[in-house]
Ligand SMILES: Nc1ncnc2c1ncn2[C@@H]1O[C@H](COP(=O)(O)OP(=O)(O)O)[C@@H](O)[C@H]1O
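The chain below stands alone and is given in structure tokens; this is the form predicted on its own.
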Amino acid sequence: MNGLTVRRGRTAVLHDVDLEVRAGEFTAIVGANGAGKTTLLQAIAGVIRPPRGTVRVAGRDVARTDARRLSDRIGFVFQNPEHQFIAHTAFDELAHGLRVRRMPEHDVRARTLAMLDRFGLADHRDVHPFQLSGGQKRRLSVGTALITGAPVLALDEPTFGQDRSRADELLALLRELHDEGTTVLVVTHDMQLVTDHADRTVVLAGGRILRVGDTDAVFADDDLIERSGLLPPPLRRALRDLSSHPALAEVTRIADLPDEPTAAVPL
């Protein structure tokens, strides 16, 4: 992405943004409200057409690629899954993207049933998408974004409105997809999600990129976090005042906690 500028009316939402996301990365885009996060993600996925600048996904210019060809390269998941549902059953919702490509119906059926099974929706194949639970809707929306084989998955606030168990279920699925080679891009306010899962983090403020870097390094920069209007991850906020155990004050990921916390933090 080079020189991306996006306006709404006379207001610039993104200002001359340059960004490269490497294949196979799990990248988080963070920033305060109004920073331009969702606009950036939508421009990458071709949901909106940038008025100035170049965006390429898997070598293709987004502005010069039709929606069907673009969806073969990047799948977009809206914050509200219902905004993308168009069919009357979960099966047909998944099958739609294959049918518009004129895939033989027996292949459509086989691939759709496999996706339903993988996402824990096999027993709900004939249920209207709007009648699914919140977690099931989210899984279906991810499935529709991936069923054509797109190597890149872009999600806007994937854990928004979900309880912790549903969020953890989805994050386990995203980690599995990432481990299999899918490039994952996430816009989120969930800083623990970012520190636990993202390889790299993009920090936006006022429509400009303040920092792109390894997630650990980004969240170790207290001045950057303050300037961008972010809160430190919950785990770091909880541990940073433990003066008797200064090493724990720098921990941001749950996976980095000592195996025996009672040895590190006597009761």
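A quick note: this is a predicted structure, and the numbers were derived from the prediction, not measured. We number the residues from 1 along the sequence you see.
If you look for the form predicted together with this ligand, you will not find it shown, but the lines that follow are about it.
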Query raised in the report: Does at least one non-hydrogen atom of T65 fall within 4.5 angstroms of this ligand in the predicted bound form?
Result: no
Query raised in the report: At the 4.5 Å heavy atom threshold, is T201 in contact with this ligand in the predicted bound form?
Result: no
Query raised in the report: How about A32: is it within 4.5 Å of this ligand in the predicted bound form, going by heavy atoms?
Result: yes
Query raised in the report: Does T38 reach this ligand in the predicted bound form, with heavy atoms at most 4.5 Å apart?
Result: yes
Report summary line: Partner contact check in the predicted bound form: of 224-232, 55-63, 38-46, 208-216, the stretch with a heavy atom within 4.5 Å of this ligand is 38-46
Report summary line: Residues in 5-30 that come within 4.5 Å of this ligand in the predicted bound form by at least one heavy atom, in order, are R8, V13
